[in-house]
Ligand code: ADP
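The form predicted alone is given below as one chain in structure tokens.
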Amino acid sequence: MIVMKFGGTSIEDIPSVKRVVEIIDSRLEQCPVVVNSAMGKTTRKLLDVARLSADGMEEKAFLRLDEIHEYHFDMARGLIPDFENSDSRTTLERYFEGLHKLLEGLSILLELTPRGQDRILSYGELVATTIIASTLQSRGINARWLDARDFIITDERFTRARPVDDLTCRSIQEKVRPLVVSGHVPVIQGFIGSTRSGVTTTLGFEGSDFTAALAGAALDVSNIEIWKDVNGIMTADPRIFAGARTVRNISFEEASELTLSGAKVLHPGTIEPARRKDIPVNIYNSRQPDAGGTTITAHANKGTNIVKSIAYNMPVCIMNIVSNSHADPSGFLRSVFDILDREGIVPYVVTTAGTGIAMAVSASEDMEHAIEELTRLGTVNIAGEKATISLVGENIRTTRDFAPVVFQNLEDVNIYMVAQGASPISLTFVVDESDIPSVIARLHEAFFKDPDPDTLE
């Protein structure tokens, strides 16, 4: 048994879906469970529509919704025989009627709550999996559509819900395993789940990877396949540095560190369920299914290169807080981190000195309330337009004087903060956003000049 997850760009148009069907067909002997994201950029588009409705721009919102409707129905007509008279058409119409009613409600309330946002965004996955399951069935594949909300059981942290492990595992085993055993190909949604009381939640953007890992771990599959529009984990973001190479194999620890450092190839939650069950995770390119991709395992080949990959995160800002009181520095730090925890803000880099603390945090966070709370503790200053750079690799832990080697190549670059030691396999530092391309190019030249063919393509 295997799990196969296909991202939005892998099913963004009719030729892409046909490729995915061929890939699934080629894996039928391995008893696949299929996980699908929303098609193309549908999730982002639904979020835009919801915000327009909540801002009182009802007419514009409904025009955008019509575009989403037309996109999916054009896809379905090109993939499902006799679509106009099919059950799939009825199901899709019902979903879009539901969306329309939700948007009408938002235009009256003029407020988009996290709970409401999750409900609206869930339709992207529901629509996509309806089309994919019907397409597979029309090609003679014994596919069965399932609602992930019946077995991905989460807490109530809407927009970033966390699965309740025991309930989710047991529910997947009860709802999904029997279908696979009986020769079906389950088709389920990524990204979405529900609370114990049945309220729709989402796992955060790119959460379909997480769903695939949860399903794989619960079913004890032999392999988890993540199909995207890239050849796997790269030595750097190819959009920033064209000379990036594919990393053939990487450890769970390295992959986890990369996702937490900003690499967008996997959802941060993906690695832990697979690591816990020691299930290999393979990342493949759905546009080039014969390419090697990346294999993530517990004990990957370390290779001869010190660094496996360079990740970056932006936009980032540096937040400096100086305490109003010099009497209790430990109490000050405790209060700062209590506020960050309540606001859901996780700093990438932290440094402390006396009664002051500096942190690099995501500038995309809604920090207004957090800053208001922190101002009660002391003076707060924000420096924006920054980014973090992280070098990750198992060999860093055994390399002496690694940091000096890094910064020798960046002598003319402003380095604002540095973090090494919290993780023995990474080094992270903060630079100006504008320096990202040149910094990555220099570091790539320094650490991948002689690539190990056993670990890098």
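Everything numeric here is computed off the predicted structure, so don't read it as measured data. One rule holds for the numbers: they count along the sequence shown, beginning at 1.
Not on display, but discussed next: the form predicted in complex with adenosine-5'-diphosphate.
- adenosine-5'-diphosphate is not shown here, but in the predicted complex it comes within 4.5 Å of a heavy atom of T9.
- When contacts are judged by a 4.5 Å heavy atom cut-off, D209 counts as touching adenosine-5'-diphosphate in the predicted complex.
- At a distance threshold of 4.5 angstroms between non-hydrogen atoms, G232 is in contact with adenosine-5'-diphosphate in the predicted complex.
- Taking non-hydrogen atoms only, A263 approaches adenosine-5'-diphosphate to within 4.5 angstroms in the predicted complex.
- Only one of 331-339, 153-161, 91-99, 223-231 places residue heavy atoms within 4.5 angstroms of adenosine-5'-diphosphate in the predicted complex, namely 223-231.
- For the options R376, R239, H369, R196, the one in contact with adenosine-5'-diphosphate in the predicted complex, meaning a heavy atom within 4.5 Å, is R239.
- Residues of 297-321 placing a heavy atom within 4.5 Å of adenosine-5'-diphosphate in the predicted complex: S309 alone.
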